[in-house]
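Okay, here we've got a single chain as structure tokens, the form predicted on its own, with questions on binding and movement later.
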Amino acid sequence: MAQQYEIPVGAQHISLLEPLHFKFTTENEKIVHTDANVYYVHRGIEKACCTKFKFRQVSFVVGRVCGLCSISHTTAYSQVAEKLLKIEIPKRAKYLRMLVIELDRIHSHLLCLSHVAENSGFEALFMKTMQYREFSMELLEAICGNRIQYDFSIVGGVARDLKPEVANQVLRRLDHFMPQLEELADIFRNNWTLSLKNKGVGAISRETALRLNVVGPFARAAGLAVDVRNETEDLLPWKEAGFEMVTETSGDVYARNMVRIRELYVSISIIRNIINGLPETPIVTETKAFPDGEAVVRLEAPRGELFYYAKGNKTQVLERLKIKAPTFSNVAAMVEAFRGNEYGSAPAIIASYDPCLSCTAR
């Protein structure tokens, strides 16, 4: 029997973007068991939203749950509050929410891909991907006023309208980005240093993904066709805007790269359709009602299903708010996917999960 070693990774480690700790049990270079500790961050956001802030202020607070997917949190909360208020927002506001969500998905996916490249030892591609990602940050700033933590979705609609000159700028920048995306897609698909050596690495099967409740690109890379955009047409008209499901089958690092690359094309198509078919309606529905009852909302953030529960009692302050972030759903599969892999592949596997523990601990 090979000698076993226990190797700690984190909570501060060059391969980790978030404060989590893995303890790998290895036999020589093979990982045979993994323990994970994800409870390093607690900020009391849920409690604060039910004690310190009025319900209309909460959308700005939950936007600070995560910098990368701020728009997903503010939109999910705004939707659950609108259910409690029993109001319907204007169609233009729905389209503008989808526009910013998809721009955010582009910048988040490119960030993940850049870190997979870095953790695979491809520093030059990390820098190139981050350079190409900059256009999405600039467009988000032009539309929302901020590069991150956009404060764009508010209860009843959106905080800002889309100016015609900004809409034209979005289309021009997308056209400029397309050759860059083709270049990245070719490298991630065919380069030995980056992706081909990651085929079969960190794989989980479709059955395992289903059993462990995996969500987002992590699930779709394993062939599990789950995407909230395919199921919540009542809240945002994703299919009307051109949403298409993207899946792979091998469930490994390579497949997760391919899902994110292909979803960039879908996001670009959705954004173009939104701008070319933006309805002429108001951007906010006004109401003087207070939240009453219970409601839940699901929204497809860049990392997968984001779940919000809220309870109102006809006052300015919510009685309860509960957030379940995508990474929380993926923790069990993160641990599972290390087994049987070489320890040297762990950094690339970790980056391909795209974990966000700041989202997970509220």
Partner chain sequence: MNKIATSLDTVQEDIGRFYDPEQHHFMVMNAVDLGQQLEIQWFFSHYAPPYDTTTFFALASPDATIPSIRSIVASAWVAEAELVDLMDIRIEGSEKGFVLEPDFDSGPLRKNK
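Positions refer to the first chain, counted from 1. In this text, all values refer to a predicted model and were calculated from it rather than measured experimentally.
Note that the form predicted in complex with the partner chain isn't included here; everything after this is about it.
Novice: Considering R211, K163, H176, K91, which brings a non-hydrogen atom within 4.5 Å of the partner chain in the predicted complex?
Specialist: Contact residue from the list: R211.
Novice: With the partner chain left out of view, which of V266, V226, A167, V259 would have a heavy atom within 4.5 Å of it in the predicted complex?
Specialist: Selected residue: V226.
Novice: Given the stretches 196-204, 272-280, 212-220, 177-185, which is the single one in contact with the partner chain in the predicted complex, using a heavy atom cutoff of 4.5 Å?
Specialist: This holds for exactly one stretch, 212-220.
Novice: Would all three of H42, K322 and T360 be in contact with the partner chain in the predicted complex, where contact means some heavy atom lies within 4.5 Å?
Specialist: Yes, the whole trio is in contact, each within 4.5 Å by some heavy atom.
Novice: Quick one: does K314 come within 4.5 Å of the partner chain in the predicted complex, counting heavy atoms only?
Specialist: No.
Novice: Check whether T285 has any heavy atom within 4.5 Å of a heavy atom of the partner chain in the predicted complex, and answer yes or no.
Specialist: T285: no, not in contact with the partner chain in the predicted complex.
Novice: V32: heavy atom within 4.5 Å of the partner chain in the predicted complex?
Specialist: No, V32 stays farther than 4.5 Å from the partner chain in the predicted complex.
Novice: Report yes if any heavy atom of F55 sits within 4.5 Å of a heavy atom of the partner chain in the predicted complex; otherwise report no.
Specialist: Taking the distances in the predicted complex, the answer for F55 is no, it never comes within 4.5 Å of the partner chain.
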